[in-house]
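Given next are two forms of a protein chain, the same chain in both, each as structure tokens and marked structure 1 or structure 2.
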Structure 1
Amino acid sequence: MSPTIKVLLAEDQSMVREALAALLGLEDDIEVVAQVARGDEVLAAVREHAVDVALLDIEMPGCTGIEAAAQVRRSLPEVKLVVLTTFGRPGYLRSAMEAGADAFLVKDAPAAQLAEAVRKVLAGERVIDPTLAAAALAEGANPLTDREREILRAASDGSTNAELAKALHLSQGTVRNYLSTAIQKLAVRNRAEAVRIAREKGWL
């Protein structure tokens, strides 16, 4: 039989991370050789442990799993990348694919799919929930410009226009213009809704 598959697990919540490790540990052909809790530790760990497949949560301190995936893809293109996330947001799927992910799994899916996905990506297959893929295609690309996204993100904690203007070195009017166009593009009525919708779609 072929040697075991070396897997890295990147997930910030220890309990979940170790539980997933226990789950994968039940598989004979899979070995979890490294665990990290931060996105910015992924690349070094992948390199150090000669990892075959990296399992990356999206929401992590340091940097997101998607950014980490892009880093690994650039430096070590032969490593397979599985992105794992709580939220099945179409925009996340899109960004993950653009970052070079081989699989995209939501934590809602049955646990069996995890080991399954690891084996499949190693065999050169791609693993994507078809429902999500359809949603991602149906929704189209992110309509927001970089600046609009940045300002929306900054506004998401309830900052006022004056604070945003100061923080971003803009005039208040400019901030309002950006927010206004973002509100129109997202077809909503105020910044709070705009933030919510953009979040839901994974556009923030």
Structure 2
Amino acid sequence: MSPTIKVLLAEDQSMVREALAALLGLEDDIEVVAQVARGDEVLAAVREHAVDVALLDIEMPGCTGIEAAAQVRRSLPEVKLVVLTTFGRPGYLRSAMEAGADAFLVKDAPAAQLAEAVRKVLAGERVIDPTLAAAALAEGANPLTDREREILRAASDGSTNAELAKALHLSQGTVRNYLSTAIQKLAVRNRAEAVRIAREKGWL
């Protein structure tokens, strides 16, 4: 009999997390040994429970599933990482792969498909939802630089240029220039639209 695969589930919506845990728990060779609701709790839980595979939702408090994946990849490279998303945002696929994810799937995929992905990544395979992969290829690369993404993320709460400059230790002129460039690249009229479009495409 093959050894049980120890899985961590990171998902901030408790109903979704518990449903996923229950479905995966029906598999003979998979055991959900840890559940967390925050991205910044992932690394410690993976360490504590000697997890084989971590299933990570993207949108979580503390830090995103993609950021958590990067932390685990740096600290515990032997752990396999499956990023789950409810959003068909192509930029997320690229970001997840860059963070070291072994699989990228939509959260509402059938339980059997998730279980099979867990087994495949443990065997060294990479698993990517074909629809998401096609969308990512069609969308092309993220045109925003790291600094432009950082400033747009910071601007998403409606902060003024002065507030952004102070928080990011930049001059107001520099902040204005980065925002202006991002707005031009995204072919929108203002920063609010730039934030919305970049979010929708998974570029932030």
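Residues are numbered by position in structure 1's sequence, first residue being 1. The model shown is predicted, which means the values in this text are computed figures rather than measured ones. Take the two forms, find the largest set of C-alpha atoms that superpose within 1.5 Å, and that set is the rigid core.
In this pair, structure 2 matches the form predicted on its own, whereas the other structure does not. When two forms of a protein are overlaid on their rigid core, residues whose CA moves 2 Å or more are considered shifted, and residue 17 is not one of them between the two structures. After superposition on the rigid core, the Cα of residue 51 moves by less than 2 Å between the two structures.
Annotation for residue 164: C-alpha shift of 2 angstroms or more between the two structures, rigid core superposed.
Structural comparison between the two structures after rigid-core fitting shows the C-alpha of residue 195 displaced 3.2 Å.
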